[in-house]
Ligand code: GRF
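Before any questions on binding or motion, here is one chain by itself as structure tokens, the form predicted alone.
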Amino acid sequence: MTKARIAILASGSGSNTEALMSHFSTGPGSEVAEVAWVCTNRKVAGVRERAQTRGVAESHLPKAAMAEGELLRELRTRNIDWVALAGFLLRVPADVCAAFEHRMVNIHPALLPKHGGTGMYGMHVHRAVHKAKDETSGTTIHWVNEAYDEGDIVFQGEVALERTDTPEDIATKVLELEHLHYPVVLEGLIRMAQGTDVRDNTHLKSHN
């Protein structure tokens, strides 16, 4: 069976990218897919160094080039089958959304539909959760469409919050969930699309 080729779009330090690259380079995940390309909209980003360290092809594409169709051209040239967003701060171009419908996922650091939409990323999300005095937070994995954080939800994982938790504490708890679930959920989606056995599909049953 030919392995699926995954592209990761990221804008920051790349800890979720690291988790994905690790999962699909060793263990059961490597049976079905590989991370073939990492793309960032920033010239300087920690995610680029992470990709280089692992020997994964990486590129910088500025926002204007992506909007002019360069992102889709690169994805096609590199024979990419799946796209995973991991802290990617730009709106994905419409042509890419259309070409990768139900083959492109994003991870959001809150329980959508709460605390999502334009400007809700990173610590902005965790500060909003803290301000709202939410008793739980978590992570949401969803299909990507042309609107920020509005694609159908694939999976949600929750974590209990303490009244004494700071936004930084919330961020730490949620990031642990992201690293735990994102690689396994993506693997499960790819396995289902390929018609292969899902190793552990409990992740895909956790969202009502």
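From 1 onward, residues are counted along the sequence shown. Just so it is clear, the structure is predicted and the values come from calculations on it, not from any experiment.
This next part talks about the form predicted together with the named molecule, which is not shown.
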Which is the contacting stretch out of 26-34, 58-66, 175-183, 154-162, given heavy atoms within 4.5 Å of the named molecule in the model of the complex?
175-183
Does any part of residue 188 reach within 4.5 Å of the named molecule in the model of the complex? Heavy atoms only, please.
no
Would residue 107 count as touching the named molecule in the model of the complex under a 4.5 Å heavy atom rule?
yes
Whether residue 15 contacts the named molecule in the model of the complex should be assessed with a 4.5 Å heavy atom distance threshold; does it?
yes
Partner contact for residue 87 in the model of the complex: the named molecule, 4.5 angstroms, heavy atom
yes
